[in-house]
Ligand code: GDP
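A single chain comes next, written as structure tokens; it is the form predicted on its own.
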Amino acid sequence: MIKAVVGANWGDEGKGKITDMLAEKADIVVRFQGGANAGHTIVNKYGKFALHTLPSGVFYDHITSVIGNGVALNIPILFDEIKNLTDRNVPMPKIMISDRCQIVMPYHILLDAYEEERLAGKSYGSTKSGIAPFYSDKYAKIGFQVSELFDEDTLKEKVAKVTAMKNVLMEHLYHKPLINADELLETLHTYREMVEPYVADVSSFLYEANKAGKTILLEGQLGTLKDPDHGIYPMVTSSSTLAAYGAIGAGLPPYDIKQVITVCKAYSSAVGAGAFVSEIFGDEADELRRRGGDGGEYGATTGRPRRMGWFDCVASKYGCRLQGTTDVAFTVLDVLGYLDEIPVCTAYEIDGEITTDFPVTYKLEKAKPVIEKLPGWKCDIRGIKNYDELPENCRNYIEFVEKHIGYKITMVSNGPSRDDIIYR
């Protein structure tokens, strides 16, 4: 059976924890899009980890961790990440890298930083991980596929051609040092040695595994609102964050994805620029940020303080609809235990009209939140395993959200570790 674990909102919803938890009863976990520009935080018996490229199943001996063809593969970062695990006594994971995966090149990272510098105050809030230049090159057909590392003549020819193109930008747009083609080729030879033991025909492997009845988890990065088509364009990422793309980014038929677990936070947070209707500021935001997540709401990759807000039913309903949600996993609910009352954004007011439909970006910029307040439960709910044992106001909050988003909340996370979960 194939299941996708994806985000409903801006990312940082807790997909890593849910994937790590579900991996206990799975066989394979696949990253299918994005790169090392966002991270998943995992807390387990080995400690607390921020994963960037590795799938969140790497802590189990029985899991094969797959980097799918849709991923922006930063090879040095991947291997640093593996070393970070093994240095902390995590057994070496079983890793497979798609031969059709494309490589984040050193110049992609430089170009990302140079472009943000050039745009100055009008920048997109990039993590400067090279993701936009990487996907630009992929679709302009001048990217480097992992398989091309193993064809030396083509590799040499392509390095020369691409270096000449990039150096025009380096010299005339950014006024930065030129790329040395010989050094770049040497770097790619090093990359080839690093990945060679792990490269495989992933699509074929997953097809056979699915046919044999194995459980495969597709792990998404970021969330619906960062999707380049359906998100808050242009403040989005450069690869599709939707479960539907899991089929493409892993090389599977779309009808084989049987379950879509969409992860929603019990409040809102976002890293990076863009419209965020339910955003809060000042002391109110600082307190939620400080109490949030496990050790505070800061980006797992960037360390940037996340922007904070109350739960947004409009954005979450939209996010769940586009993901094709079968189950909602509702996370970090325990964080809200300090509040006397909990504000929820149930609708938007745009130009004097009330709507529960998520609009396009220029209308979103004008939207004001319509807030309803629910009584808080004022206690710690960590350690509770049964839904019926949650405080009444806590259950009321879950059921209120469920009614407004229109999708069944089947998992409630009430703490950071993989065991802090309540099934409904």
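For every residue, the number given is its place in the sequence shown, counted from 1. All values derive from a computational prediction rather than experimental measurement.
Heads up, the form predicted in complex with guanosine-5'-diphosphate (GDP) isn't pictured, but that's what we're talking about next.
Screening G272, G309, G143, G293 for any heavy atom within 4.5 Å of guanosine-5'-diphosphate (GDP) in the model of the complex leaves a single hit, G293.
Between the options K45, R382, K366, K373, the residue in contact with guanosine-5'-diphosphate (GDP) in the model of the complex by a heavy atom within 4.5 angstroms is R382. Proximity of R31 to guanosine-5'-diphosphate (GDP) in the model of the complex: non-hydrogen atoms within 4.5 Å are absent; the residue sits far from the partner. Remark: E13 counts among the residues lining guanosine-5'-diphosphate (GDP) in the model of the complex, judged by a heavy atom distance of 4.5 Å or less.
Within this chain, N69 is remote from the site of guanosine-5'-diphosphate (GDP) in the model of the complex, having no heavy atom within 4.5 Å. None of the heavy atoms of L188 is located within 4.5 Å of guanosine-5'-diphosphate (GDP) in the model of the complex. Contact with guanosine-5'-diphosphate (GDP) in the model of the complex, judged as any non-hydrogen atom within 4.5 angstroms, is confined among 83-91, 175-183, 207-215, 328-336 to 328-336. Taking guanosine-5'-diphosphate (GDP) as positioned in the model of the complex, the residues of 395-424 that bring a heavy atom within 4.5 Å of it are, in sequence order, S413, N414, G415, P416.
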